[in-house]
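Just the one chain here, the form predicted on its own, laid out as structure tokens.
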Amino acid sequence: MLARVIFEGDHHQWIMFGRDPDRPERIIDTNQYMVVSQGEALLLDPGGVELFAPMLAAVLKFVPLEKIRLLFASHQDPDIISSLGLWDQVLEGARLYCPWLWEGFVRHFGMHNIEFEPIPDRGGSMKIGDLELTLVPAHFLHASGNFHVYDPRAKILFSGDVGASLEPSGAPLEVEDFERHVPTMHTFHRRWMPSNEAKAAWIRRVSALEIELMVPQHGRLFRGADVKRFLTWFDALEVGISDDT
């Protein structure tokens, strides 16, 4: 599994995990992220049960288990959080931040030791070390209760399924040519994002943020001007339809 530091600041860092060459062929590729601040760690969308072993091995190269204090699930999908039951067995005193709407669903994955922290619809914040992260509402993109995470210090937006692309193994880590990248995003966003109104509300929220790096849960990362290019493209895209509609 790839493990790469994508931000290194004076007091904290972001690490991306993914592009696992040993994942089963029919399992969708996912990006997992970890934020480390003052020696404490937060896992963002820690992944599916089938990735737990390589994910755990990769994480332990950066922090010991006892330093993983928080987990975050943007929504309830199995590729996001079905590994919860296994993390629940190895972590002590950890908390899971997740939209309140999905508590009764994610508990099906197994949660006896990890404490559930419901995120209200309006959003809020969570703190790891001395770093405060903003929980940005992203409802209906694509889940009814959905959140993204913004780091104002690093100017990074974790955007969940927004910005996702579906490509073969071996694709570059970051977008290199936005126009050539669009076809890898088009069908996914039209089909999986059900509401133009919700899309417009999200764009208004994130356009007010200073974003230098947007990191989705699938596919390539957007840096610099490509963040704005994505927002402009997404704003113009009609969503909630399939290619056969």
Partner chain sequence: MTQRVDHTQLTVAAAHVAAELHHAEQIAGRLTLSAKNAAAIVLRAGSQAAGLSVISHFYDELATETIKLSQTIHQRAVELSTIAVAEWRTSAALTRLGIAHAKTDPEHRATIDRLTANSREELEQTEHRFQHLLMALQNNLDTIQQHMRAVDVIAVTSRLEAQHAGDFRDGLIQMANLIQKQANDIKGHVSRSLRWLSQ
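Given the structure is predicted, the values throughout are model-derived calculations rather than measurements. Residue numbers count along the first chain shown, from 1.
Keep in mind that the form predicted in complex with the partner chain is not shown, yet the notes after this line are about it.
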Can you work out whether Ile203 and the partner chain are in contact in the model of the complex, taking contact to mean some heavy atom pair no more than 4.5 Å apart? no
Is there any non-hydrogen atom of Leu166 lying within 4.5 Å of the partner chain in the model of the complex? no
4.5 Å heavy atom contact, Glu40 to the partner chain in the model of the complex: no
Looking at the partner-bound form in the model of the complex, is Leu56 within 4.5 Å of the partner chain by any heavy atom? yes
Of 169-177, 123-131, 73-81, 89-97, the segment with heavy atoms within 4.5 Å of the partner chain in the model of the complex is residues 89-97
In sequence order, the residues of 38-61 that place a heavy atom within 4.5 Å of the partner chain in the model of the complex are Val49, Glu50, Phe52, Ala53, Pro54, Leu56, Ala57, Leu60, Lys61
